[in-house]
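Shown next as structure tokens: one chain only, the form predicted alone.
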Amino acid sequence: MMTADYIAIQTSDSNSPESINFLNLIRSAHRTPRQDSPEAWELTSFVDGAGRFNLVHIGYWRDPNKHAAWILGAPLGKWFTSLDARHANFGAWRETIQVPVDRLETIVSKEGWSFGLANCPMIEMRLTTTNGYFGAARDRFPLSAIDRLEAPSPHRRRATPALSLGRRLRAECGHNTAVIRSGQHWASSLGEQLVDYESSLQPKLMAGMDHLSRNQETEGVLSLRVMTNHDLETFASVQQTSVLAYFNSLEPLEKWAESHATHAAIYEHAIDKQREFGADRQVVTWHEVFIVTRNSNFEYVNCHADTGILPFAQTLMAVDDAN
């Protein structure tokens, strides 16, 4: 089982006391690692559609028992589970993605690089021929040989907003929801390649994300965030971003990738530059995709109603904070 756990704070801005306290908690947690600490971790941030600043700790584990022990015993896990929504003056959320290895795939554009879950020990990235054509991602899932990975229910926005203010809500997405984290690393780019990424490829990428964000219901999108990475020592932002998106299933993600003009612009530009620069291509892209089961755990504490999957959650349960 592979686990990706996102724990975040939602505040007014990056300099708020709550954001600083959250950073200090992360710094303390990784200064003295535990046996059950994440095997790889990252720090990202973004400003959401409601104008709220979100600071996100991402941890990866290969052992679900170690992940469970960390949530129960490590300071960051205990901080989230002990939050009382009735008295919090900030929001917080946690999205735990846990799947067997036949429900995930990851790929990177340049040999010798690794990101996300691939940074865990004993995970090796190897060359593959299952790429470069539409439908390749599906073919890289071992389970797809016997399972269409279809969504059992339609994609619908909730009729009434999921009000998390002053409450802790536990939400479920549907069975076979596709979770993709697609990354862009251009910190090693110089000269012409840096200019090309920042002035041409990045705007095309953002146009695609804007289209998906504005058309969530028709494109099968449950949630989409464009996150900036931070240096793990200084916590300063770096030239690396990733898009974390939840789709109703793999099918709408494939449909957008195959047929929409915004994805065609991204894909064609990236292919052109790969042909032009070959092994000297300095921009590195990657993604990881999880096909999650319905029992994936998502919790939102004192968050606004458009946070994460709340607008499209198939089930919601209010959790008593007085336990």
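Note that residue numbering begins at 1 and tracks the sequence as displayed. Worth saying up front: this structure is predicted, and the values here are computed from it rather than measured.
As for the form predicted in complex with another copy of the chain, it is not shown, yet the points below apply to it.
No member of the trio 106, 118 and 276 reaches another copy of the chain in the predicted complex with any non-hydrogen atom inside 4.5 Å. Within this chain, residue 152 lines the site of another copy of the chain in the predicted complex, having a heavy atom no more than 4.5 Å away.
Contact annotation: residue 30 falls outside 4.5 Å of another copy of the chain in the predicted complex, judged by heavy atom distances.
Interface residue remark: residue 182 is not counted as part of the site for another copy of the chain in the predicted complex, having no heavy atom within 4.5 Å. Proximity of residue 176 to another copy of the chain in the predicted complex: non-hydrogen atoms within 4.5 Å are present. The stretch among 39-47, 254-262, 286-294, 267-275 whose residues place heavy atoms within 4.5 Å of another copy of the chain in the predicted complex is 286-294. Screening 96, 189, 202, 114 for any heavy atom within 4.5 Å of another copy of the chain in the predicted complex leaves a single hit, 96. Among 78, 211, 170, 110, the residue placing a heavy atom within 4.5 Å of another copy of the chain in the predicted complex is 170.
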